[in-house]
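Next up: a single chain in structure tokens, the form predicted alone.
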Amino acid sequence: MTENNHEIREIVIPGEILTEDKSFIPGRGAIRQGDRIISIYIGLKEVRGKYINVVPLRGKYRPEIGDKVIGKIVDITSVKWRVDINAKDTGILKPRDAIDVYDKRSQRGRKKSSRELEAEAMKMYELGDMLIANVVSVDRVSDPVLTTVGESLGKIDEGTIIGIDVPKIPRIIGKKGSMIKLLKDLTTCRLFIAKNGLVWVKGATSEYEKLCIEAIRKIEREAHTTGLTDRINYYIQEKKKERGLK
């Protein structure tokens, strides 16, 4: 479809150029920068007459199979944990999805049954624990099912977790991971950006960790603007000079 259609709907992200045609006027969710009209939201591009709008895709996170998320254990029963993943429904983590049962069975000594292993697994996590998990099942009638079996998954014991507006996550990652690479390189921090709007940051020192978080907040505030990568580069470099960081 072209911009001359009565209505166009396609997904756009903050900072994306919607048009460079001067005859168009920015509507809801869009602003003009020079000759360009750009989006300030992640949402649906909509062209109505001469107006270009962006209908934001906001609200809570919508889980999809394969998403890596950060969550907090908010309830424990004898057979499962409930995990707040910033979605409409809490995630479900069952003991069989928290341990590699078959790997445990292969260990030396008496072979334990699945039931015994799952009972032991229920001791792994406590109320309030923060986890990195993978979404393995989603449907309209059941809560999302999670797993913590896999590389880089499981309990978070260190660092800082911050919340980010979900639609801003693509901007923090950047095109082909450019922004997250910049943050890691300049602050030497380890980062994990979850699909559900939570970010884990671990710095070699508290000063670097704080700087990285400040830079992420700046990206979040200015996600709708162009030239953001260069500004973040300059911002971090200047802050490092001010604070005597190498």
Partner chain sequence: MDTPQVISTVQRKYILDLLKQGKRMDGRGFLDFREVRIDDDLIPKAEGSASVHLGDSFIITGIKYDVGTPFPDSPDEGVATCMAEFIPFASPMFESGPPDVEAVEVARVVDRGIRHGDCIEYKKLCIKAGELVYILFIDMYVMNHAGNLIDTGAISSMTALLTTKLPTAKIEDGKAVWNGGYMLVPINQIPLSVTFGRIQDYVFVDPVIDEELVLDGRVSFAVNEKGQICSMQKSGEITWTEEELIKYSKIAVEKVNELRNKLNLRQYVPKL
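Positions refer to the first chain, counted from 1. What you see is a predicted model, and the numbers here were worked out from it, not measured in a lab.
Below, we turn to the form predicted together with its partner chain, even though it does not appear here.
Residue contact with its partner chain in the predicted bound form: residue 80 places no heavy atom within 4.5 Å of it. With a 4.5 Å cutoff on heavy atoms, residue 73 counts as touching its partner chain in the predicted bound form.
Its partner chain is not drawn, but in the predicted bound form it has no heavy atom within 4.5 Å of residue 116. Of the heavy atoms in residue 161, some are within 4.5 Å of its partner chain in the predicted bound form. Although its partner chain is not shown here, in the predicted bound form the stretch 126-156 places heavy atoms of 127, 128, 129, 130, 156 within 4.5 Å of it, in sequence order.
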